[in-house]
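As a starting point, one isolated chain is supplied in structure tokens, in the form predicted alone.
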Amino acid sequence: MAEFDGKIVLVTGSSGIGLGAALHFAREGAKVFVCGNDDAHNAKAREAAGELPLAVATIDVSIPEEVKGWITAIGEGEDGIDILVNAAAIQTYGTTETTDIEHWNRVISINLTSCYLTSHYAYPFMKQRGGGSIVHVSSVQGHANQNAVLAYATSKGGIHALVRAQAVDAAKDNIRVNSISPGSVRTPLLEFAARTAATDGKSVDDMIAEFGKAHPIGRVGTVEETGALIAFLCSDKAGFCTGGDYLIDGGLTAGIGV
């Protein structure tokens, strides 16, 4: 019997860490529903799933009506929801001086407010199943920051506070809430960062190798590794884990840069 047989799993983000987690759950017997707002990423997710029980919908997680409609249809159709993973995010750059209000609002709505929205609409369906597990994907940038990541870092730090508040409130309903904080993981977002940072004719692969050198373990992470951690936190093995943030950063935040 696979570990997540019979479980209904919702994942936001159809590429990168979200897709890695979704595929892990589907391989372990869960029925998985993924959403993303990028048609190309959604198509690749469907291709990667093959015959696995994984459905992909086009949803903008910053729009409450779309989130409510997606989750309600699944919850009613499947008689409940067991697991929610929030991995949808955008990576942007800017300081207090250069970040405009439109940029700020877009980042906060996708990276942070969506975690509240999906939790809000999934909660009754988790109660219906007698409990459940929520994992939000944060970032090491919620703990310590590089330059010019004001909105992104704020959104990721906000997830840590959201997790604590949700975990305390939801314990009475047997719903556990945690987050993970990855370091550099090979995803489309990291490749975007690599293209942005590339100089002197360096390729994306060159830049990702450089990012990896910043981690004591000497490389960037994989979506298989983050998917395994997310799955563990949603499993019965982690039944005493709630309200926590779990670093998966190759030792990045363990050291100091001197």
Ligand SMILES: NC(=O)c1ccc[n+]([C@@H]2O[C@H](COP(=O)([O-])OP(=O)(O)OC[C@H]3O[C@@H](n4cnc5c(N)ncnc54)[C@H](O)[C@@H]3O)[C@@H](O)[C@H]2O)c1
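One rule holds for the numbers: they count along the sequence shown, beginning at 1. Everything numeric here is computed off the predicted structure, so don't read it as measured data.
Form predicted together with this ligand: not shown, discussed below.
Trainee: Which residue among I71, A89, I175, I83 has a heavy atom within 4.5 angstroms of this ligand in the predicted bound form?
Mentor: Result of the distance check: A89.
Trainee: Of these, A167, V149, L117, I110, which has a heavy atom no more than 4.5 Å from this ligand in the predicted bound form?
Mentor: Selected option: I110.
Trainee: Can you tell me if A30 lies within 4.5 angstroms of this ligand in the predicted bound form, counting non-hydrogen atoms only?
Mentor: No.
Trainee: Can any non-hydrogen atom of L229 be found within 4.5 angstroms of this ligand in the predicted bound form?
Mentor: It does not: once this ligand is placed as it appears in the predicted bound form, L229 has no heavy atom within 4.5 Å of it.
Trainee: With the partner left out here, check for me: in the predicted bound form, does some heavy atom of S133 sit within 4.5 Å of this ligand?
Mentor: Judged by the heavy-atom cut-off of 4.5 Å, S133 is well away from this ligand in the predicted bound form.
Trainee: I'd like to know whether D38 contacts this ligand in the predicted bound form, with contact meaning heavy atoms within 4.5 angstroms.
Mentor: Output for D38 is yes: heavy atoms within 4.5 Å of this ligand.
Trainee: Which among 92 to 100, 119 to 127, 73 to 81, 179 to 187 is in contact with this ligand in the predicted bound form, heavy atoms within 4.5 angstroms?
Mentor: Single hit among the candidates: 179 to 187.
Trainee: Taking this ligand as it sits in the predicted bound form, which residues of 45 to 66 have a non-hydrogen atom within 4.5 Å of it? Please list them.
Mentor: I59, D60, V61, S62 sit within 4.5 Å of the partner.
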